[in-house]
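Just the one chain here, laid out as structure tokens, in the form predicted alone.
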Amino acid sequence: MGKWTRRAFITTGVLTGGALVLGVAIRPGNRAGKVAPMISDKGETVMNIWLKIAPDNTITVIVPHAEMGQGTHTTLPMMLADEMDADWKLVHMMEAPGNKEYANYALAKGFILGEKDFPSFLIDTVDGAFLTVTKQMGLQMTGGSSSVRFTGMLAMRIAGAGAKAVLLQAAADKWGVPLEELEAKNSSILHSATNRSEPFINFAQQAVTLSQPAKPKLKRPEEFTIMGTSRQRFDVPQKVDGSANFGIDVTVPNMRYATIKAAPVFGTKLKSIDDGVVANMPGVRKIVKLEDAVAVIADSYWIAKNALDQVKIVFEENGNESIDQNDIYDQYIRDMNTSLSAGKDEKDLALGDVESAFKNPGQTVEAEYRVPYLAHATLEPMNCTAHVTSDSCTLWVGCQNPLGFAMSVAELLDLEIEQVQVNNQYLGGGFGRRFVDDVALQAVRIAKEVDYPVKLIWSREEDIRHDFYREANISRFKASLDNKGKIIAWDNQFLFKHDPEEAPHIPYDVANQSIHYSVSETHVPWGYWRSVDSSMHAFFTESFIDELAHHANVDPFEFRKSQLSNAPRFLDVLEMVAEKANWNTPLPKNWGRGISLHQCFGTIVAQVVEIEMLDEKLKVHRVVCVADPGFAFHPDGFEAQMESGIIYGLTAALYGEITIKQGSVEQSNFHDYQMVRMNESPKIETHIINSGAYPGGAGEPSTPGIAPALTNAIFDATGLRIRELPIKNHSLSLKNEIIG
């Protein structure tokens, strides 16, 4: 944590638009002069693209991420402010505009290169390349548990430390004292020898004439004063008093409302409509026909929804109308078998000699697991407000990639990206769904037909039936155990490969591994879902590990522990969760306890679940979670994300299932796509290990492990081995029987 070898980007200063600007020189070009008019008011000093100082010495941190409950609007300012030695009471937050100058090169660099270092003379070129690419991609993403570990580490801390360095030098020059006699504290520069102190703002004009150090010194964890504490979040008071604006709250002058109904079978087109009954209804403004959908614009959402329900719509057929869920699984199996027999599987990981290892004496265990399609089901339904004119477009939306949305809209309308303004709002849940721009493009197509702003709101039914889904999947395992219970061979075949890369990998000491995958395309649209591939693979691998422990006749915790001699961080997390959960303490009759261990986006999480069977009904009483994120910059926020991810994953494990019938989604609302309710929520205990490893994510790593820990607990209580989710589809009344 104390060593930082990447080069800082802050170098030159210019005076632009009445604001003093200290630039971030990243080839090609200095962006600070371009961003100053977007982020500053008269008299404010823009220290770099990530922060500005007002005449009253308050500091505003510019955050290039959306706030969807994960706390990034607070944690990232904490990271910058601590490195700058700012007074937290004087720190504010501003979300970065959806402009290409705020394309997030740090995020892309982190995803692709991680902690990779370069010589100083190459860093500008590398960063310039990532900036160029992210501008072209329209990348300003919030997702992948990346805000802290990439933007925070590779941009915010660097910016804060670099700004502090030149402020100190400016004070040394102004006062004529040695630099080493000065210190920054509480947004001021101090000279203890003369008892002199002045606020940052007094040195800003001189500071912008100085070149910042190529690699500013970053604090060690023991020097942190803000990082590692739980400061009050900027977003919470507004959400408590109701003043927070989500996309669905937007109201602009002369606005009308719209709702939409798209083709139920993905990929089909609109054939005809009969709108005679509703065309002249009071409050109905316009019926809009899109390529694959029909929308109604009206004076209120309720009028639009009632009118749309009465429009007779006919969609074309494209051959997918005969596809049911079982057909998809049958296709999966055929394609997996064909790919494997033809030697066309894609290799994900190959270690040792698996084929030879299976020939050695030992116990062979095989199993197959399945998971269903899942919808995101964000609490706030999909929505977007759009106003289209002949030479501009303005959006009000809560999204996970404002710059990407602006780029897509500009392309649709044949505008320059500068002619599109995205006013990003709070997100009422994202989980990957609000990274997709479909609702924004629909809103623009609808608003283009009228001369006033239109707020498009999807019904819950539209939301469930026209998502971009976590795919259904199948994973097959074959493993060999020696006579001491050691795993000597591991073979795993599954479908598809997305992110994170390590999702199907195991931390256990297995010398011979073959992990490979097939592809089987369907007409069901895929999208990023919280923890992406880890949401499936943790269930697959940690369920199978439990099965191996059972076959080896070894306690599941002890079995895992015995296979982790080469993974000390994993072992520490595993041992702590067993300790905190009192693993070896006997449970009451009809209770069960299950365990899981998985790494996701750089954070290692172990979970223990305690359940009770009440009249053949499952009650989840307790979840103990231990996480090693390297360092938790906002401990309370990190714990909240662990809890959030567990509840989200628990919902999926118990109830989550999207099924296809006659080519379309069967489920439509919360009555048949059930959520975990408050009365079902277990007690969740979270413990953090600050191991000092490079920081991992928080928003997603706790989601994957809850399903296997839960199904392993069910096995412990009932003898039922559940190999296919969701749990609701299984009878829990059987005893001492393994089912799949």
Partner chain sequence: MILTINGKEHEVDVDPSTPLLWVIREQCGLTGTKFGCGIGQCGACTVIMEGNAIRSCLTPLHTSIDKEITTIEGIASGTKMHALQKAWIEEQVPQCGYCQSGQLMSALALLTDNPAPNDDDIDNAMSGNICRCGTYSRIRKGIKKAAIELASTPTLKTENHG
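Positions refer to the first chain, counted from 1. The structure presented is a predicted model; accordingly, all values stated were derived computationally and were not measured.
There is also a form predicted together with its partner chain; it is not shown, and the following applies to it.
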(message) Between 514, 644, 268, 187, only one gets a heavy atom within 4.5 angstroms of its partner chain in the predicted complex; which residue is that?
(response) 644
(request) Please pick, from 157, 560, 149, 376, the one residue with any non-hydrogen atom lying within 4.5 angstroms of its partner chain in the predicted complex. (result) 376
(message) Contact check in the predicted complex: 231, 249 and 677 versus its partner chain, with a cutoff of 4.5 Å between any heavy atoms. Do all three pass?
(response) yes
(message) Is it the case that residue 235, even though its partner is missing from this view, gets within 4.5 Å of its partner chain in the predicted complex, heavy atoms only?
(response) yes
(message) Residue-level contact is defined here as any heavy atom of the residue lying within 4.5 Å of its partner chain in the predicted complex; does residue 587 satisfy this criterion?
(response) no
(request) Give a yes or no for residue 257: in the predicted complex, does one of its heavy atoms lie within 4.5 Å of a heavy atom belonging to its partner chain? (result) yes
(request) Answer yes if any heavy atom of residue 640 is within 4.5 Å of a heavy atom of its partner chain in the predicted complex; otherwise answer no. (result) yes
(request) Go through 240 to 248, 605 to 613, 77 to 85, 390 to 398 and give me the stretch that gets within 4.5 Å of its partner chain in the predicted complex, heavy atoms only. (result) 240 to 248
(message) Within 4.5 Å of its partner chain in the predicted complex, counting any non-hydrogen atom, which residues from 41 to 80 show up?
(response) 68, 69
